[in-house]
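A lone chain, given as structure tokens: the form predicted alone.
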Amino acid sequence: MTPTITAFATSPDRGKGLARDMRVRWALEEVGQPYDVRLVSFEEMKQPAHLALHPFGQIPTYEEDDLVLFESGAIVLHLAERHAGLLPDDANARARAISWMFAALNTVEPPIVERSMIGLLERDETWYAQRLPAVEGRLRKRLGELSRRLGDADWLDGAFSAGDLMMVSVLLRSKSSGILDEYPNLSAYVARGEARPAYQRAFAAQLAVFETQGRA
């Protein structure tokens, strides 16, 4: 059975590839797995049918036969374990790649999301100017640590893996703040991820949704 994922019918990122279904699309493209996409509106995401797939009313979800998954990291890990190409064969290298997946989601993404949300939701608040330096300081700390670990390597631990897929996907969300530009090796790392043919196919597929909805 061809798996089906859900994605925004009208994405708030306006086709920039930041919505979390992009991570799943990219993983599917990397492993060469065809897939279908079911677009859901914000209203549909809160309805019982979608909540049965994702208890928090978000995207993406993943359906294949009798398996239903939610959370982009869990879906990508499932794909990486089910198909060759995203996890090394060596057991130790495989465990390290999975560690980097968790690091991307649990350690690096939170300060990136915090920086994004303060800009979206708190810019007009009186405390914005006082709060912003602390938020950006936490982000720079994490990016600095990651930058030092990456050094001049192409990828985090040898060959490209699901750990890199998740890390690049997370770092992409920090580009708009300009802070990523302060770390040239991280900017180059993200560019290498974006240049992968599988990423390009996934990005084009997600962008096509925005362009189609824009013409509707």
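Being a predicted model, the structure only gives us computed values, none of them experimental. In this text, residue numbers run from 1 along the sequence as written.
The discussion below concerns the form predicted in complex with a small molecule, not included here.
_Does any part of G57 reach within 4.5 Å of the small molecule in the predicted complex? Heavy atoms only, please._
Contact with the small molecule, yes.
*Tell me, yes or no, whether R148 is in contact with the small molecule in the predicted complex, where a contact means a heavy atom of each within 4.5 Å.*
So R148 does not count as contacting the small molecule.
_Contact of A198 with the small molecule in the predicted complex (heavy atom, 4.5 Å)_ = No.
*asked:* With a cut-off of 4.5 Å between heavy atoms, is A202 one of the residues that contacts the small molecule in the predicted complex?
replied: Because no heavy atom of A202 falls inside 4.5 Å of the small molecule in the predicted complex, the answer is no.
*Heavy atoms within 4.5 Å of the small molecule in the predicted complex: which of the stretches 57-65, 31-39, 177-185, 153-161 has them?*
Comparing against the small molecule in the predicted complex, the contact stretch is 57-65.
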